[in-house]
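The chain below stands alone and is given as C-alpha cells, in the form predicted on its own.
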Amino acid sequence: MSTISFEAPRGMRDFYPEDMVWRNRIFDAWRDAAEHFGFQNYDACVVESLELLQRKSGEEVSEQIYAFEDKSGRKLALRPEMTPTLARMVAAKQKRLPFPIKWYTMAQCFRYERMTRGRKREHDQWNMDIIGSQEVLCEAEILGAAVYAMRAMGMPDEAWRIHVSSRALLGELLAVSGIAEAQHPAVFIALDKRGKISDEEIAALLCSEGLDDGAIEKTFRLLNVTSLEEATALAGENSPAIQNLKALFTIAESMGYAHLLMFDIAVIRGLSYYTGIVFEAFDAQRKFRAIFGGGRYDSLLALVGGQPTPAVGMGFGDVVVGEVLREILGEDAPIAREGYCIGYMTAAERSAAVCLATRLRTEKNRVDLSLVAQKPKHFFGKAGNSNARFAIFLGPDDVASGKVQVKDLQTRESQEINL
C-alpha cells in the first residue's frame, strides 16, 4: 500500500494549538469590534447555488471555485465569499427586515486558484455589511470597526493605511475624458489588474474593449492623480462622489482614524457590482496583499432578484493579516500568560490537586491540571512552556501543612496560599 501523506490538501490549512493562538487573536478582535459597533451576527450554509455565484460574478466563476454536481444533478459550489449569500438571504426576507440592517459573519470560504503569498485556497473571512442606507456614515462605521479590530490585534497605527477611492468618481473622470459609460466596467476591471500585469498588457485589454490610443492615454493619466484636491479640480466641487469622499474624511476625523485614510484613485476593486466609495487596507511598506477591502454596492440585491437597495460592505481575510502581524509584532506576540498549571508528586496528592483546581475554576480562573504524577523538574519545565501565569506543585509536605506555594512564571516570585 502507498504511504498516506500527512500534509493537508494543497491550499488548505491545519491549525495546531500554537497556530490557534494567532487565529484566536484575530477572531476575538473581529467579534469584539463587530459587537462594539452594533452589528448582528449571522451565518449560512457553506454550499451555495452555482447559478447565484455566476449571476453575481459571471460564468468564469466556476473555473475559480470548487464547483460540483450533487447526486441529484444540482450545480453547487463551496462558497468563495459571503456577499452573494448575504444578498440571497436579505432578498428572501426583504419585506420583513427592519432596514437599515447591520450584519456580520466570520465564514470559511474556498476558492480554487493559483496560490501566492497571502492567498490560500481556503481562508476565514470577517464580513460586515450595512444594507438599506445611502448615508456615507455607513462606510465610516464599517471602517471604524475595522480600525478597532486592527488595534485590538495589536497592529500599531503607523504600520498600515486604508487607501480610499470611489468608483463613482472614476466614472465621472472617465466621462470627462470622453470615455463612454458603456466601457467603464471593462476599464475598471482592466485597471484593477495594475501591479499584477504590465501597463502594456492593461493597454492591450483596454484596446480590446474598443478604446483608442487617445482614450487609453487619458485613462492612464487619471491614475496619476495623487490627491483629493486634484480629483476635485477635475470633477468639480459639486461632484456627488467628491462630496461623499470629503464627508467620509470628515466623519473619520470625528471617529479618530482620519490619519489612517489616504486618497488613492488606483483603488478600484475588480468586482463589477461596486458603485461608490471603495477601499483597501495595506501594510505601510506594501510588502503584502491587501489586508481587507470593500465598498458600496447599491445594485447587488437587484442583480440577484431582490428589490434595489443601497448597501456597503467589507471583507477581511485571516491569511494576510496573520502574516503582517507575525512580521510586525514577532512570533511570540500572541502569547498572553494567564491562569494556572497545577501538578502533584504522587497519587496521594492527586485529590488535593483536584480540589484546588476545582476551587480556582469556580473562581473563573483557567486551570491546566496535570493528568499524571511527576517530578517537580518535569512539571515546571512544561509549565514554563505553557501560557499559564502561575504554577502550583503539590508534594506530601504541602498536603500535610495545608499550604502551598504559587509561583509567578513571569516574575519568578512566589506566595503562599491555603489549600
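Treat the numbers as computed from the prediction; the structure is a model and nothing was measured. Residue positions are given as counts along the sequence shown, with the first one as 1.
FYI, the form predicted together with a further copy of the same chain isn't displayed, but the following is about it.
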| task | Kindly indicate whether 4, 52 and 133 are, all three, within 4.5 angstroms of a further copy of the same chain in the model of the complex, using heavy atoms. | result | yes
| query | Can any non-hydrogen atom of residue 289 be found within 4.5 angstroms of a further copy of the same chain in the model of the complex? | reply | no
| Heavy atom to heavy atom, is residue 141 within 4.5 Å of a further copy of the same chain in the model of the complex? | yes
| message | Can you tell me if residue 103 lies within 4.5 angstroms of a further copy of the same chain in the model of the complex, counting non-hydrogen atoms only? | response | yes
| So in the model of the complex, does residue 380 come within 4.5 Å of a further copy of the same chain, heavy atom to heavy atom? | no
| message | Among the candidate stretches 179 to 187, 238 to 246, 318 to 326, 94 to 102, which one is within 4.5 Å of a further copy of the same chain in the model of the complex when only heavy atoms are counted? | response | 94 to 102
| request: Go through 122, 157, 201, 209 and name the one with a heavy atom inside 4.5 Å of a further copy of the same chain in the model of the complex. | output: 122
| Among 293, 306, 171, 276, which has any heavy atom within 4.5 Å of a further copy of the same chain in the model of the complex? | 306
| Those residues of 5 to 20 which, in the model of the complex, come within 4.5 Å of a further copy of the same chain by heavy atom | 5, 6, 7, 8, 9, 10, 12, 13, 14, 15, 16, 17, 18, 20
